[in-house]
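As a starting point, one isolated chain is supplied in structure tokens, in the form predicted alone.
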């Protein structure tokens, strides 16, 4: 479904993603795990194309130079230079770090904004599914996003991304700042989304413990480079991973 080959990302002369390659198989959950500043968000910006908009803005204001190298193969074509809006139309949708919902808009307005690529039938069906997996959002549908808790905002951010009809859903640190109970709840929701509607998911996360059991394959990233990879079982049985993520 999505094959990433030798991605390199530089901010001026500082390297953020270092020769990173991975494959996200269709209908599976792929995890990218690493500490803060390991390069996870930079990788997700590259996959979604957001990095191209960032590069354009930096050029316009005379800021730091951003360089992107490598290949992103999707549906048989290299999309490394494709605009983020065109990637979204092709089904690659990013749910960004720190939610980034519209705080002054209601839950329903946020979801409708997310559904701009859907036709009326798709929007109705997806909205019904979002309220099924996140019933709290239905109760809060008229409340402004800025008055939701962190967990509720994350539910809304994922729901908004689903409204865009993704084939590949990119989740950038969906558990950031949440309670352990909410981490578990969202982990199960991510698994349900993958199994019930067949969306391919790539999830990057620092707090890996709740997500290891639901991934099909994972990568450990340090200083922008992959240092370990394997199935969930292989990673959880690796002594270095146990020490870093489970404290044992």
Partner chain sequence: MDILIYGLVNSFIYVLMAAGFTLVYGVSRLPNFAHGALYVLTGFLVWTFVNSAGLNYFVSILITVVIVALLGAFLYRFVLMRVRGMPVSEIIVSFAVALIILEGLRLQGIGGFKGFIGSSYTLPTFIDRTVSIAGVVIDAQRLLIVGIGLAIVIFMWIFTRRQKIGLAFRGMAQDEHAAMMLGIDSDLMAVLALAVGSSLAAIAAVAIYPLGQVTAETGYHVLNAALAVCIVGGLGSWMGAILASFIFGYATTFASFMGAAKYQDVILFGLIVLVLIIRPSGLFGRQKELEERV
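Since the model is a prediction, treat every value here as computed from it, not as a measurement. Positions refer to the first chain, counted from 1.
The discussion below concerns the form predicted in complex with its partner chain, not included here.
Just one listed stretch, out of 126-134, 72-80, 93-101, 173-181, contacts its partner chain in the predicted bound form at the 4.5 Å heavy atom level, and that stretch is 93-101. Screening 64, 216, 222, 53 for any heavy atom within 4.5 Å of its partner chain in the predicted bound form leaves a single hit, 53. Out of the listed residues 89, 143, 138, 167, 89 is the one that sits within 4.5 Å of its partner chain in the predicted bound form by at least one heavy atom.
Contact annotation for residue 195: none of its heavy atoms lies within 4.5 Å of its partner chain in the predicted bound form. Put simply, residue 84 is close to its partner chain in the predicted bound form: some heavy atom of it is within 4.5 Å. Residue 148 falls outside the set of residues with a heavy atom inside 4.5 Å of its partner chain in the predicted bound form. Within 4.5 Å of some heavy atom of its partner chain in the predicted bound form lies at least one heavy atom of residue 60. Contact annotation for 106-135: residues with any non-hydrogen atom within 4.5 angstroms of its partner chain in the predicted bound form are 109, 112, 113, 114, 115, 116, 117, 118, 119, listed in sequence order.
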